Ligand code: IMO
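Form predicted on its own, single chain, as structure tokens, below.
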């Protein structure tokens, strides 16, 4: 069985925790897009780990973690991450593999990335990790793939600085490389979990262009970056938070008003730890945007939703969610492509009663307060997609499974 886990908002939805939880029943976990611009936080028994490149399932000792063909990989960042894991007692040898079709991030791409964004009249707000430049080089057919490290003629095209940078990593990268399509074909009866990076609204084609990432963070990206056909995918899970956040520039229609709702924003940001894992930047926060969430469900054929951070609302008297946009006096219930329309959009809010009770002690969904269940059920009806998993904390055990995704 093959399951895809994607972000259904602007990234930072808690995909890392969910992949880590679901990986218990998988044998192979494939990260299919993005690079070190992603940040997945995993908490196991109170211990916190930050991953940027390696799939979240690495914490199970019997799992294989693979960096897919759609990824762009900074060798230094990768081996620094491997060392961090090894230093903390996580054995990685023979368990971290790389698609030989994945592209390599060179140091000069990082510098170009920073300079290019700074020179824009309206900066996108990239992480400055060279991700966009590497994808650009890939599209220009001037990139370097893992497989190319063994191609002398191609390597001769690089300047000495690039060769010097790659020298300590070349043999190790080639040793870890696999033909991913063939590898998975020979394991067709294996449980495989495909892990996305960023989120639907940062996808190059589906997102709020140009304020997007350069990779395919949508569900379709799993077929390309995971080297499988789209019909091989059995289920798509979309992860979303009980509210909305975004890092960097670009539209966020349901963003809290910085003047009238500054205290609300501070509470959500601090309680939800809304700071970028990769950059440390504070995330912009807002009400749950159901218009964009429904769009994510439709554009990715999401089979079921995974809700995280619901416990952030435990102390609230009431909760609000965005159910439509008011754009220049017109009520809009679909997610527009126009950034200008999104920038002009005012959220149409619906109010829900709070539950004023901690969700942390609930072992089943049925133990939730009625108000919490009503909030979850409204989201499912609005998006016409069931909410099958609810996370109420950072630790693995703070995960409520209403229906296992591993059951067809």
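Numbering follows the first chain given and starts at 1. This one's a predicted model, so the numbers in the text were calculated from it and none came from an experiment.
There is another form of the same protein, the form predicted in complex with ligand IMO; it is not shown, and what comes next is about it.
- For the options 99, 292, 213, 300, the one in contact with ligand IMO in the predicted complex, meaning a heavy atom within 4.5 Å, is 213.
- Residue-level contacts in the predicted complex: of 372, 67, 58, 38, one residue has a heavy atom within 4.5 Å of ligand IMO, and it is 38.
- Taken together, the three residues 53, 83 and 166 all stay farther than 4.5 Å from ligand IMO in the predicted complex, as judged by their closest heavy atom.
- None of the heavy atoms of residue 155 is located within 4.5 Å of ligand IMO in the predicted complex.
- For residue 20, no non-hydrogen atom is located within 4.5 Å of ligand IMO in the predicted complex, even though that partner is not displayed.
- For residue 197, a non-hydrogen atom is located within 4.5 Å of ligand IMO in the predicted complex, even though that partner is not displayed.
- Residue 127 belongs to the set of residues with a heavy atom inside 4.5 Å of ligand IMO in the predicted complex.
- Listed stretches are 137-145, 218-226, 180-188, 241-249; the contact stretch with ligand IMO in the predicted complex is 241-249, by a heavy atom cutoff of 4.5 Å.
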